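Below sits a lone chain in structure tokens, taken as the form predicted alone.
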């Protein structure tokens, strides 16, 4: 794997105990979603491979937890610099296997490097405290790494998601067994390779691929694993939580969302239209915080719909590797079929298909940016996350009404509001039930800001000091 950063598309494999394993009887075909062509065959780990990964992670944790914070920081800083040096090839392969535009993949890779840099500094800031006691007594509160982490990352951010799963645990002194999505393996391989090349001990990070259910059941049944970190759907998250409960593991869960967008009458109209149009087609809408349910004040509803329809109609859709493309394909063959069902259901309930709504003919899994208007509250798309380039719009009249609609679902990952009234911005920020709220912006991710949801969108945070704290446990020592 030493040539991962120079090869056009690498030979695929997984990494256990200092070895890249590139051959197994069971394999998964990795498909380019822009062409439908096979990029490579990914070997899938066996039960014996997983046992070896567990043994290695346990050994790695015992040594890594005693490694000075400065040394852990040096590894993360080195990996960050390597990612920046290899950004062109890493981002190209991310686009080929996931579909997003090359500019998006490049920004994602650089963001992963920034996250590693942030946690290189946070590694030095694990503080405890000394409690006030009478003479002769001492009580200490200590923060220690939780232990080996089983981390599961989805396909939609094939570089950043693995980076999130690795940065904080490594900084805290944990070992990690990472299982990314089989659809986009080369991106995760590149992140792991950067850490290895930066001097990360080979028993600290293990990378496995396989049947998601088999891998999760096997890893989470093991007492070696002390923490579960998962990003994905609420349904799968609930299943993993049940598995983790059997051995009472610490959990960080970033689950599904269905982000409401509240557009008040006093918004900066042109800026709001352009901001939301760009955000909606980002990664073809396959973003956990993608703005989806548009609640537009009735006073500007028709005007906004007309302007937004014109804006997204201009979206240049195509292979993400091509120049000037604004939206690539859906990541896999499952997504167009799922989106088609949601659109049909909405129209059958009385929604109006204003623009888009169909697959784009030709190779690949391309879909038209789609706008549904006057969408009834009982349609599936108002209740299920579409994970695609679809907007479901409806008018609202009052502040209380739109808050009720925004908070109606059991999800609470991200929400957005657009208003130029400072008091209204304060009120809506407080009223919305979500882990993250964007006011006059759709940019929510930053290395130093916690990222996570509430309600059935999960618990715990990644990124920021909170992400490091989630990899630590508390120990109190009383001494006479």
Ligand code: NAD
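Note that this is a predicted model, so its numbers are computed, not measured. Residue numbers count along the first chain shown, from 1.
What follows is about the form predicted together with this ligand, which we do not show.
Not displayed here, this ligand is approached by residue 236 to within 4.5 Å at the level of heavy atoms in the model of the complex.
Using a 4.5 Å cutoff between non-hydrogen atoms, residue 240 counts as a contact of this ligand in the model of the complex.
For residue 318, no non-hydrogen atom is located within 4.5 Å of this ligand in the model of the complex, even though that partner is not displayed. In the model of the complex, at least one heavy atom of residue 181 sits within 4.5 Å of a heavy atom of this ligand. The partner is not drawn, yet in the model of the complex one stretch among 141-149, 354-362, 399-407, 154-162 has residues with heavy atoms inside 4.5 Å of this ligand: 154-162. Checking 81, 341, 213, 378 for any heavy atom within 4.5 Å of this ligand in the model of the complex turns up a single hit: 213. Checking 93, 231, 109, 272 against this ligand in the model of the complex, a heavy atom within 4.5 Å turns up for just one residue: 231. Heavy atoms of every residue among 254, 334 and 387 are located within 4.5 Å of this ligand in the model of the complex.
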